[in-house]
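Form predicted on its own, single chain, as structure tokens, below.
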Amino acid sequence: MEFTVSKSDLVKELNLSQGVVEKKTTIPILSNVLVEAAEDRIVLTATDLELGIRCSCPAKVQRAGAGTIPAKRLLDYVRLLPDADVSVKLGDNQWASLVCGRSRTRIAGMSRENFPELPDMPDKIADLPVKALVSMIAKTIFAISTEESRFTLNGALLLLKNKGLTMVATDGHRLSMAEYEIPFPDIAGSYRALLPRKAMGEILKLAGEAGPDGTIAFAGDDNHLFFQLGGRLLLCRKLTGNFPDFERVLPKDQPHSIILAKDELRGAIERVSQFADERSRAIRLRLSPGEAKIHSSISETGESEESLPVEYDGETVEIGFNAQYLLDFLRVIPQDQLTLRFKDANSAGELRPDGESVDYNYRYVVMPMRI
């Protein structure tokens, strides 16, 4: 295999593979990127067996072929080269020779024979708007469980219906749900799949290369989900198991609601939570006529309290919340105000952005804490 490629093009595509390549693996070839040269392009493929990416860039191919090269070492080296063309030659002994200007380097590669084959993308299910998909991931990814034993909660539920797109994530203590009204006329009934957290992060990177009006072609088979943007394809294994019945968790009876200014509330919680227990991150929210008080204390360290004016004339209610859970929500909404809906101290609270557009719905449910 022998080809010449632009350094900037090669770095851009290798960068996309880094989140997929296994850094610490018992299977050495998974630390490598598969390089295939044919006609006027090179195709780069990386996988950790759960997640895979295939991307390409133009190149002058002198001799077609394929081989694998350590992904991180290749990127770290090529990134330091001057902005010029890089000539790559892979010999029968699987050593890759790189020449760029006066720089000459050899890197030990491995035969492609042991590199896993990635499945081909099946027929497209739908074109997902990049802007909506990125927004939904940002609004749900932080609510995914980090406990590996709860594997059905280690990703988000992706639900497509002919009238819209829904993404839901929960860790058992909170639930985040984003909905967009987008017509999918080719979908009869609904399509649902569990999308792993790591794949969601890689979709965000992939989407960064698209324009605001771009779309990602989405497909799925029995075991995998596929996301294609231009010449780049990301695929991942579906999570198995049943996602919880999230509609049962959504509160139905919340007689009280107040509107709060996002920046005021965020600042108050950030300051007060400095005096919250490091493990529980618990703070008290006390709602009384005309006022919302946020309070926390640690007996050995100190205490803090902030007061915010609110339009509320109901009975006094004091609810314990995890401060970090509230801040996660406040950091992703673009709106200046939010609505807090609640029933009593023992029931879940619900946060929603205030002043949303009609085609977009975001609900964030947080379970109360006993303090």
Partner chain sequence: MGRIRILSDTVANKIAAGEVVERPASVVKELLENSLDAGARDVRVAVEAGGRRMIRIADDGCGMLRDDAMLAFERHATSKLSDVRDLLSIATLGFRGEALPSIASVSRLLLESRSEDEESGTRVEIAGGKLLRCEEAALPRGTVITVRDLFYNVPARKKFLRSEQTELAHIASLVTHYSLAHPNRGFQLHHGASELLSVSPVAEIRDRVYQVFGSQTMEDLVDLGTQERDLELPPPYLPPSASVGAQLAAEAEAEAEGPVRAFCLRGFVSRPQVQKSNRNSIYLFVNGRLIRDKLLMHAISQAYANLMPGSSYPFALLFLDCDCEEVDVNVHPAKTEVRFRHPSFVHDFIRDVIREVLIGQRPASSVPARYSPIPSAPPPPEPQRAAALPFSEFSQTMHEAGYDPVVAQGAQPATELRPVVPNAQPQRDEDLPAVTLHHQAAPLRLGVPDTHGPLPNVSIDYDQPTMASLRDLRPLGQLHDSFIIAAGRDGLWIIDQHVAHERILFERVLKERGAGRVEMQSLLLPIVLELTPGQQVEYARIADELNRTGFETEPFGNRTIAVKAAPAGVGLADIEWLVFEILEISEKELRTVSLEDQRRAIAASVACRAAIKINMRLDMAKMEWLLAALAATEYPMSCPHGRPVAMRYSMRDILKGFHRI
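Numbering follows the first chain given and starts at 1. Since the structure is predicted, the reported quantities are computational estimates derived from the model, not experimental observations.
Heads up, the form predicted in complex with the partner chain isn't pictured, but that's what we're talking about next.
Against the partner chain in the predicted complex, the set E147, A282 and P368 is in full contact: each member has a heavy atom within 4.5 Å. The single contact residue among D92, E113, D83, E278, judged by any heavy atom lying within 4.5 Å of the partner chain in the predicted complex, is E278.
Shown without its partner, this chain lists H173, R104, R73, R79 as candidates; in the predicted complex, only H173 has a non-hydrogen atom within 4.5 angstroms of the partner chain.
Using a 4.5 angstroms threshold between heavy atoms, P244 counts as touching the partner chain in the predicted complex. Among residues of the shown chain, L157 is not one whose heavy atoms approach the partner chain to within 4.5 Å in the predicted complex. By the criterion of a heavy atom within 4.5 Å, Y312 is excluded from the residues contacting the partner chain in the predicted complex. In the predicted complex, L153 approaches the partner chain with a heavy atom inside 4.5 Å. Partner contact region in the predicted complex: 319-327, out of 52-60, 35-43, 333-341, 319-327, criterion any non-hydrogen atom within 4.5 Å of the partner chain. Within 4.5 angstroms of the partner chain in the predicted complex, the stretch 244-272 places a non-hydrogen atom from each of P244, R248, V249, taken in sequence order.
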